[in-house]
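There is one chain below, alone, in structure tokens, taken in the form predicted on its own.
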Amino acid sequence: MQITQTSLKGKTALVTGAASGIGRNLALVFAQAGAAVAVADLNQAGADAVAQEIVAAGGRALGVAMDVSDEAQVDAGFARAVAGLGEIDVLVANAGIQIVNPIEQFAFADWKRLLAIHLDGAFLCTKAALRSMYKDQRGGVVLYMGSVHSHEASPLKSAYVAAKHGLLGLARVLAKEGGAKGVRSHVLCPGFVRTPLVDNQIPEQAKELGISEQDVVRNVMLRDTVDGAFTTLDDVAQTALFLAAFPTAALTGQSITISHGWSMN
């Protein structure tokens, strides 16, 4: 975790999918920058552990159990976060899953489950966050965790690519609707980040494509980067922090690609 001078002092952030991976690191970096952080995740124990780590370092945090595809759980989680930490100033809609299969073998139940978490979850969390952000014109920032696949496509990822493309539309509408009320929106679009989600894809893609796991990493995931490197957790967190703390609406509605040159949209 890198030290940054960018400040979120006095702000309250809620990060979904924050018990591990990208979300966990975002929560830690935001806390280091001065934000009180609601650590939201389906895994209550994991969320509590990250919150305790923040508190132990001198920050303010709260673990919140939340299935982002369940409206009642989202509303209850946001209410708990507001009661414990204050009105929400920054939302990071990060929760997500991956399911890899060719279209003709992609189960409709899997399609619906993936879109429910990525798209329904982003919508429900946005709606809940706006209760704070629109209150007394206080404003706020909503960051959606997109992907290079918000702009690109890859085989075997029909639901994921569709969901990540959908976040661009949601962010752009929010930018238009929220601008007059001081709310900004952005889509973070990382390349492959070496998290458990990506690690799980490597053997899955090797099996589907009939190649070795090493070839998946070298010739599928990192082939088009300029340096043969994965996007790092801090690459994503520092970009998110920059956007969360940015002082104007100059960048609202934009997607920011973080991919070591893989995609240059």
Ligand code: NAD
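From 1 onward, residues are counted along the sequence shown. As the structure is a computational prediction, the values presented were derived from the model and not from experiment.
Another form exists, predicted together with the named molecule; not displayed. Remarks below refer to it.
Against the named molecule in the predicted complex, the set Leu124, Leu174 and Ser185 makes no contact: no member has a heavy atom within 4.5 Å. Scanning Val161, Val193, Leu85, Leu119 against the named molecule in the predicted complex with a 4.5 Å heavy atom cut-off leaves one residue, Val193. Just one listed stretch, out of 27-35, 53-61, 66-74, 203-211, contacts the named molecule in the predicted complex at the 4.5 Å heavy atom level, and that stretch is 66-74. The closest non-hydrogen atom of Ala95 lies within 4.5 Å of the named molecule in the predicted complex.
For the chain shown alone, Gly146 is a contact residue for the named molecule in the predicted complex, at least one non-hydrogen atom being within 4.5 angstroms. Although the partner is absent here, Ala244 lies well away from the named molecule in the predicted complex, with no heavy atom inside 4.5 Å. Mapping the unseen interface onto this chain, Val198 counts among the residues with a heavy atom inside 4.5 Å of the named molecule in the predicted complex. Residues of 12-26 lying near the named molecule in the predicted complex, listed in sequence order, are Gly17, Ala19, Ser20, Gly21, Ile22, Gly23, the criterion being any heavy atom within 4.5 Å.
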